[in-house]
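Given as structure tokens, the chain that follows is alone and in the form predicted alone.
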């Protein structure tokens, strides 16, 4: 007996359907079926994940997918979602898994923050006619200017990375997403002059040529980590945690460990790739410092080291320690950060919003006089150019984006990545599905998105009378809150609208 009614219903208009069977061929979940005798199409609603592949490719627009509308008896405490989750666990005895970011109705603070604009006394700037600087440099800043005996400035800058705009593509490992998706990010990064992150699965040999635009990641499982890999990128990131599942490790099912993924990760085919929750050599800031300098030593001190952490309740204190560990950059991932697979309870109930985490970290580092020791990257559902501008004004140097990248590729947020049957060729290793994502098209769509955002960033800065990202960074006077209480305004370090 199946206690759970399907979440979605496939609605087919018989007057429009021409039984071309495109929907049947395109659905990796086998939700559509052609009935030979009746010469008609039918559907199994229980198999539909609402990825919209069939809807998008139906030549006659004969399909749509709707919520089933099936409801349990009204109960304010026991929602239908909660009841279904209990049914699933009672039937399987397993942990619930979910993909993408936290979908629950928690506050989105970016949506409660407004930007200031120039008027008469501080004129705005026209980005079409006046220079506007969006370039950022990430890494530690020297606290003093050094000169040689002739009075010439000595270059005492530590290793840094430069970006044409304050955006990087966040960590999504080869294995959790397809080779075509990785290649698309690498190509777009190179053309845009920004960086993408390999994630914790190593780097395919074919993508080493994009090293100037690559951040290589070292996680607790150390998959695919070797000297050539470390030296192939322009920066190294130590993953201590991620926003979608703070405090726990990673898991890529053995079904995805095939072919080049197995060789890249340096583990046998079919073997589950399990990253432990902690790094088993890191139990203190001093231990973290050891790894930071081990990685610097392995790369001749030519690459900045990033430490990535999840946004949790004591994030400011943690960041303070990391800033003293020798790391050059801190990446903070908020609780709405996406993922290929995470325990549902962890994804939906652990961590804090990136806006609050960023504001308190930036303020803590300023109060302690060590803000210039590190740069700050933030991620966790950065959805638009406006979110980027607000994050920079709250103190970020740069933003990681992940889900927005996948959406540019065609992802429909059906949140079934963990099943490995992504109909859009993104979160899958099934060969005929991988081919559905064409890197020639996908990387151009990503470039289009970033160019649009860059133009919007310039327009918003110009409207504020600011002509560079550096002038915007930490400039909270340009922000005002709407509908926020006094505690929230205090943590964010902004005033309420009208003040």
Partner chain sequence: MKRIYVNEDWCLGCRLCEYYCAFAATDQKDMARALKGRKIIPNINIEEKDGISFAVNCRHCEEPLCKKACITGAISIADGVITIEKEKCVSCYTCILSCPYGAVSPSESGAVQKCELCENSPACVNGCPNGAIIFSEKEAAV
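Computed from a prediction, not measured in an experiment: that's the story for all the values here. Positions refer to the first chain, counted from 1.
Form predicted in complex with its partner chain: not shown, discussed below.
Within 4.5 Å of its partner chain in the predicted complex, do 16, 20 and 437 each have at least one heavy atom?
Spot residues vs its partner chain: full contact, yes.
Sort through 46, 447, 57, 430 and report the residue having a heavy atom within 4.5 Å of its partner chain in the predicted complex.
By the 4.5 Å criterion, the partner-contacting residue is 57.
Only one of 451, 26, 42, 471 has a non-hydrogen atom within 4.5 angstroms of its partner chain in the predicted complex; which is it?
Contact check passes for 26.
Since only the chain is shown here, I'm wondering whether residue 35 would be in contact with its partner chain in the predicted complex (any heavy atom pair within 4.5 Å).
No - in the predicted complex, heavy atoms of residue 35 and its partner chain never come within 4.5 Å of each other.
Indicate whether its partner chain has at least one heavy atom within 4.5 Å of a heavy atom of residue 363 in the predicted complex.
No, residue 363 is distant from the partner.
So in the predicted complex, is its partner chain close enough to residue 180 to count as touching (4.5 Å, heavy atoms)?
Close contact exists here: in the predicted complex, residue 180 approaches its partner chain to within 4.5 Å, heavy atoms only.
Considering only heavy atoms, tell me if residue 53 and its partner chain come within 4.5 Å of each other in the predicted complex.
Residue 53: yes, in contact with its partner chain in the predicted complex.
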